[in-house]
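Consider the single chain below, provided in structure tokens and representing the form predicted on its own.
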Amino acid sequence: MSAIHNEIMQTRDGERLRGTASARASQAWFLLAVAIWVAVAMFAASQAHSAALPQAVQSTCVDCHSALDANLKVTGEQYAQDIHAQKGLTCAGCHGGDPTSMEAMDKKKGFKGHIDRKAIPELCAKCHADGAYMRQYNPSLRTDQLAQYKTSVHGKRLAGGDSKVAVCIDCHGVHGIRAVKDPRSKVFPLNVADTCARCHADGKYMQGYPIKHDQFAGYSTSVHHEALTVRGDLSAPTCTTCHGNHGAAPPGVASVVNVCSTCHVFQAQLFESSPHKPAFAAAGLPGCVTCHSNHRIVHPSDSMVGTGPQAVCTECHTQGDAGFVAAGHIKEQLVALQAAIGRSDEVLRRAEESGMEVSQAQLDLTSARDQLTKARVTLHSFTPKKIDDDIKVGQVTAEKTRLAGEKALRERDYRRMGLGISLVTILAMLVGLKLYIGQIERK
């Protein structure tokens, strides 16, 4: 029986080993099949990607220019990221010739070679001013860029023979032109000021032009630049917001208010009916920038009103005249409301920290802050009565909330007093009880 048992066990062990070997073989074949499938898929993907690359990347143009130095160097990777290459356009679109042939620079095939700066706007407009052609790629893209450029300071000077002025490639780039929405684009909102500064902040380059070259330095300290770069507000003004892009030109003295009003609507409406508008017009002064400056626009504050080192009113008004007196009164009212809000806020804060319920009063105080903001906007009407009306509403609310806070503090004190009396009473009762118990124990 023992021999039979051993034989059966050996048979089972053999079958188990053969099963294990078979399973391992199947697993190996499966892994090999998966590896082959992955390799084939990767090869197919690479072929598809290669076929999808712009023709220019595979052309003889890039083969040669990728090995050149300085301005003539254009790599396949660089051009593959160009918006034109991504749409299937090739080097020949601008330079002519046949990029698929070793005779790419054959003039018989239309090769143009280097393109003179003066010819660039017209060259770009060959496509970008053709509405039917551009509709194939982006139906919403404007096609009046060349027409606008011809009305710009740059376009007019270029037409007059000045080749130093900006043309298309100075703002958009040459072979690495990216879509405007691409954060790496030179004309993406965050990058516009730096792009303009390449020329306008270069004192040496701007020699011979009757304009300053400190615009970028001023803008870098402005509230607009802070909103754009610190708070990340891409709608905040940059160079092109006020000057235009393709039709770039400085706003005229009479049109400054119109430019600022594209964002600051209410302030502009109030200024339209203010006594300052005709006064500024008579003196030949621009509207908003007379008080706020142009590039170096700081965050407005009450210190700009009335008198003081930061006041702008005293640049025109002198002590004793009606405007000087009105400005002083307006500042007093603004400062008074700010102080009233501060007092109320301090009382409510102490009440809240003491555990008192003052949420409604705090909410009401928000409306007083809103009235202060409204008064600062109404300031652009330069009408003391209108400003006083806004201030009075804020003052009433601030006083109401302050009284609510003080009432809450009195309630707190009353509760504390009651709690103190209760504790003293309880303590006295405990002492008396202890004495009474001691007396009983002694008996």
Partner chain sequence: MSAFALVKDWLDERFGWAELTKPLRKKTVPMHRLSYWYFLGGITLFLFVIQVCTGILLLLYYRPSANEAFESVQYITTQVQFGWLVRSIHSWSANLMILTAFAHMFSVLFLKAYRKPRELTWITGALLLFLAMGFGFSGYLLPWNTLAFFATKVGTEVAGQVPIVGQWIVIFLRGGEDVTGATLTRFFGFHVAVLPGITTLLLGVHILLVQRFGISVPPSVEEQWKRDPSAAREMKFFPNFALREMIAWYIALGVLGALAALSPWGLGAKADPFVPAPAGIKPEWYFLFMFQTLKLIPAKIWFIDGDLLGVLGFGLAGAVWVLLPFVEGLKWRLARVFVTGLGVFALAYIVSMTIYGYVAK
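Because the structure is a prediction, the values reported are computed rather than measured. Positions refer to the first chain, counted from 1.
What follows is about the form predicted together with the partner chain, which we do not show.
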Problem - Position in contact with the partner chain when the complex is considered in the model of the complex, options K386, R415, K392, K400, heavy atoms within 4.5 Å - result: R415
Fill in the blank from the handout: Note: exactly one of G160, P278, G355, G320 sits with a heavy atom within 4.5 Å of the partner chain in the model of the complex, namely G355
Completion exercise
Given 347 to 355, 289 to 297, 320 to 328, 263 to 271, the stretch touching the partner chain in the model of the complex at heavy atoms within 4.5 Å is 347 to 355
Handout entry: the partner chain contact at E411 in the model of the complex, heavy atom, 4.5 Å
Key = yes
Practice task
Report whether the minimum heavy atom distance between I421 and the partner chain in the model of the complex is within 4.5 Å.
Solution key: no
Handout entry: S359 within 4.5 Å of the partner chain in the model of the complex, heavy atoms
Key = yes
